[in-house]
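One chain comes next, on its own, written as structure tokens: the form predicted on its own.
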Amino acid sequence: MEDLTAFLTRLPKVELHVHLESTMPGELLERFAARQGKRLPRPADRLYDCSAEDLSDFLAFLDRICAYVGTPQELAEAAEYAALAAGEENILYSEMILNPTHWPQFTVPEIIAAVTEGFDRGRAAGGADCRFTLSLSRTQTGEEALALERTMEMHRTPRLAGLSVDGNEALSGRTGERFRPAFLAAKAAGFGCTVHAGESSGPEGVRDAVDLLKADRLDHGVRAAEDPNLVERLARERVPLNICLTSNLTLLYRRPEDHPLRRLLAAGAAVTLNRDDPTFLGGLTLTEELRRAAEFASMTRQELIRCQENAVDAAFCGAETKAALREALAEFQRG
């Protein structure tokens, strides 16, 4: 039988939970910083040799590294790099998350235009077909959320796929009611809706995401496993869980045996596998993330393929793109 790593390298992959802010290597940021007459806090090859003890520390560091991107042209360059890097490891389709609060140097229309341009260039050069969601921070107001949604409608492009929300739920508390009008407006406008929930929040955050925000899918969602009835519901309603094993074992589960991946798979949950923040995780590739998940949860190769099929089902793209992705997976299985 083919070696697992070789199998995963060949596997056509789809990724739905990766932050664009966390795809920029130190060398790229060093070049951007030099244009501004700045220096990185550490050599480029050790920029991410840092310990984020909790989610708040991590988010603060994201703000610092994004500040080295000084112009919309550089943001487009970062997006192009991400698309090309994804394509190099046979990721056919990727939806990346970008939170405008990490980029105060740009307006939201500038962000949308720059990321669209970068993804277009990356795709034309053989990279992955990339789309993006714009994400609210949980510290924002309901009025700010509605303003973002209106801006998305006014400046939408084919690569702007949806609305998201992220941030530290443990600190912000429940925000579902506050952001509900913006998410309902986004759905009415034809955008996909995805919510970080069940990471820094427990099952209650997952329920709010599904019931209040009408989320099409959940980023993380793993702590739903603390409520068997909720897991049964998510499996029955086929609510996708965009799980990030390596990230979870870094920030969330200090004891690996506590991670519920195997239990969620056994319950029939619609699981996808993703990197979350690859530069902060040692330059993690999706191929390696899948290998770790396979070994951690004793996943069969068919289960690994099924996770890719789940990702296609959950993607915020049109029927034609989904059909092409499904055909690529079917061709792979035909060998």
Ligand code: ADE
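Every value quoted in this text rests on a predicted model; they were computed, and no experiment measured them. Position 1 is the first residue in the sequence shown; the rest follow in order.
Missing here is the form predicted together with this ligand; even so, the following discussion is about that form.
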Quiz item: Quick one: which of 103-111, 229-237, 194-202, 79-87 gets within 4.5 Å of this ligand in the model of the complex, going by heavy atoms?
Solution: 194-202
Quiz item: With this ligand left out of view, which of 67, 59, 304, 284 would have a heavy atom within 4.5 Å of it in the model of the complex?
Solution: 59
Quiz prompt | Listed residue that, although this ligand is not shown, lies within 4.5 Å of it in the model of the complex (heavy atoms), from 208, 166, 129, 149 | solution = 166
Quiz prompt | Partner contact for residue 223 in the model of the complex: this ligand, 4.5 angstroms, heavy atom | solution = no
Quiz item: Quick one: does residue 251 come within 4.5 Å of this ligand in the model of the complex, counting heavy atoms only?
Solution: yes
Quiz item: Hey, in the model of the complex, is residue 247 touching this ligand, heavy atoms inside 4.5 Å?
Solution: yes
Exercise. Mark residue 277 yes when one of its heavy atoms lies within 4.5 Å of a heavy atom of this ligand in the model of the complex, and no otherwise.
Key: yes
Self-check item: Residues within stretch 112-145 having a non-hydrogen atom within 4.5 Å of this ligand in the model of the complex
Solution: none
